[in-house]
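We begin with a single chain expressed as structure tokens, specifically the form predicted alone.
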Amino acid sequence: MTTVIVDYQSGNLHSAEKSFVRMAAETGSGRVIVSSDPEAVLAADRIVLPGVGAFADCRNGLMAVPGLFEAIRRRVIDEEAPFLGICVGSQMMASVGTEDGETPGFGWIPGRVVRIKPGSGGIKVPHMGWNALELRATHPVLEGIEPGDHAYFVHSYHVVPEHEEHLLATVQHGGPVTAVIGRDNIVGTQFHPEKSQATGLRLIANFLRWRP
């Protein structure tokens, strides 16, 4: 069994690889590799798509690697391999991003990626640091994670899904901010599980065991 963390030059993947390798060993979930090779993606049992930076830059970087997005789409949408998007990797599952103009997303979860509203009470954007999760639905990837468990965020934009059932968890930051989205065999976290200590490691372990 192989989990591929997709490398398209969007952020430092070392901490993500380290966390996934650790939990794969603990759960007996096979090997974890970091790759930009479409053939590796096509052979993967699970796919993880990270992303750091601006929506358009991440999307354009991914699309610039010949055959890579096509391989991801085939494994995830056509063949229903489990998929985890992290931060901008999660945002790209939406229909459109609105940072610096509108940029098409994958359209896998209908909705828009919009800037967080600062609100009152000194709430600042970017949303940075630890925040307590509010669970909106039960999901195998959230098993054992309790309301109030903390996760680590660094972002200014979040996904607003069109359909309530695709919103799995939120946090409060001047109002509700999306933390986890998902449907069928795909799930995405706005927070960084590889930086979220016990909560993040549990989510990673759940994902590696998930059989949608």
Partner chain sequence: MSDTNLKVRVIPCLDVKDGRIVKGVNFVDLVDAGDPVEAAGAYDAAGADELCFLDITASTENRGTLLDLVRRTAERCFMPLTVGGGVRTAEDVRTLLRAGADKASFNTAAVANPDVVGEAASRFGAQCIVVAIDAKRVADGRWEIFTHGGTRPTEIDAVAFAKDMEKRGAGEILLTSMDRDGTRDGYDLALTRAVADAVGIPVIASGGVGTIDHLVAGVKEGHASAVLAASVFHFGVFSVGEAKARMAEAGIPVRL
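Positions refer to the first chain, counted from 1. Quick caveat: nothing in here was measured; it's all calculated off a predicted structure.
Omitted here: the form predicted in complex with the partner chain. The next part is about that form.
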query: Distance check, K195 to the partner chain in the predicted bound form, heavy atom within 4.5 Å; finding: yes
query: Touches the partner chain in the predicted bound form: R183 (any heavy atom, 4.5 Å); finding: no
query: Proximity of I33 to the partner chain in the predicted bound form, heavy atoms at 4.5 Å; finding: no
query: Heavy atom of H166 within 4.5 Å of the partner chain in the predicted bound form; finding: no
query: Residue among L135, V96, I77, A132 with a heavy atom within 4.5 Å of the partner chain in the predicted bound form; finding: A132
query: Of R59, H173, H158, R46, the one that lies within 4.5 Å of the partner chain in the predicted bound form (heavy atoms); finding: H173
query: Partner-proximal stretch of 124 to 132, 67 to 75, 101 to 109, 137 to 145 relative to the partner chain in the predicted bound form, 4.5 angstroms, heavy atom; finding: 124 to 132
query: Heavy atom within 4.5 Å of the partner chain in the predicted bound form - qualifying residues of 20 to 46; finding: R22
